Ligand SMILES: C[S@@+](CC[C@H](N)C(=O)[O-])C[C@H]1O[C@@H](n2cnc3c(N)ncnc32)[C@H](O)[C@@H]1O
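Just one chain follows, in the form predicted on its own, and it is written as structure tokens.
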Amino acid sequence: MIDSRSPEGLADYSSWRARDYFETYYSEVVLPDEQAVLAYQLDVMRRAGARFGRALEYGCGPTLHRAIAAAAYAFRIDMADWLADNLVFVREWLAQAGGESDWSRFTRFILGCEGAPADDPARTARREAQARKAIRGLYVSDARWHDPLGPERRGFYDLIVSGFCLDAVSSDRGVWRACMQNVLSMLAPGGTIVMHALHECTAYKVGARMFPGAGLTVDAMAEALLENGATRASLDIQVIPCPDNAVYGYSGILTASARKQPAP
């Protein structure tokens, strides 16, 4: 199937395979762009100075590394994705059921970023156990819904992390802006958002298929965050070059963080 809002020839997510995504980007090494965005996420959470009460990873895909990173900084983590196929990977890892994905190399990288020995198997096991304990809810959700997790989750989360998700829903920038509004409505006043997107990418490769990208720029990200309540003083947006990834359809990562305005 083709997404009618995307350029001709791009696949929509009815043809998505979680295994293809994992094998393309996560199965062998911690790629340099993932190293950069994980280090960025850890730095933002560390600078908060206190643990977050409720955290959400929105658009987790079949991945665990961002949740493993957040586990030391949040008491509770919920995870949401549009595709049940992606959440199968997450459930298998949580259940330690001998699933298809191994995240220990990412856990070791995370520990190294925090200054701990990265080659300590016991410490790696403890961090992954901490993540399994912190992760509470897994939800199938659509960012195009006005309330992606229901009206009761408006202003609910103290931390939202979203990596390479909202910009990949459609090539239509208007769809992306609506998704940003819907997802950020779940951020509590004073809460923190950490977001990663593909920079100026209109199509990215997974397996043999190309999926849509919204072609985001620094200005587009800044405008969307400010429109949805971020304070200008807290806004941080960086472009991380990754020219070797041009073969996948992008050559830069857009990473951003901000705090939502506190309640009066």
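All values derive from a computational prediction rather than experimental measurement. Sequential numbering from 1, following the sequence displayed.
From this point on, the text means the form predicted in complex with the named molecule, which you will not see here.
Peer 1: Determine which one of 214-222, 42-50, 227-235, 55-63 lies within 4.5 Å of the named molecule in the model of the complex, judging by heavy atom distances; exactly one does.
Peer 2: Partner-contacting stretch among the options: 55-63.
Peer 1: State the residue from Arg144, Arg154, Lys133, Arg126 whose non-hydrogen atoms include one within 4.5 Å of the named molecule in the model of the complex.
Peer 2: So the residue touching the named molecule in the model of the complex, by this definition, is Arg144.
Peer 1: Thinking of Tyr73, Thr107 and Val194 as one candidate spot, does the named molecule come within 4.5 Å of a heavy atom in every one of them in the model of the complex?
Peer 2: Contact check failed for every one of Tyr73, Thr107 and Val194.
Peer 1: I'd like to know if Tyr250 sits close to the named molecule in the model of the complex, meaning any non-hydrogen atom pair within 4.5 angstroms.
Peer 2: No, Tyr250 is distant from the partner.
Peer 1: My question is simply whether Asp78 lines the interface with the named molecule in the model of the complex - judged by any non-hydrogen atom within 4.5 Å.
Peer 2: Contact with the named molecule, no.
Peer 1: So in the model of the complex, does Leu111 come within 4.5 Å of the named molecule, heavy atom to heavy atom?
Peer 2: Output for Leu111 is no: heavy atoms all beyond 4.5 Å of the named molecule.
Peer 1: Does the 4.5 Å heavy atom contact test between Phe164 and the named molecule in the model of the complex come out positive?
Peer 2: Result yes; Phe164 sits at the interface with the named molecule in the model of the complex.
Peer 1: May I ask you to list the residues of 123-137 that have any heavy atom within 4.5 angstroms of the named molecule in the model of the complex, in sequence order?
Peer 2: Nothing in the stretch sits within 4.5 Å of the partner.
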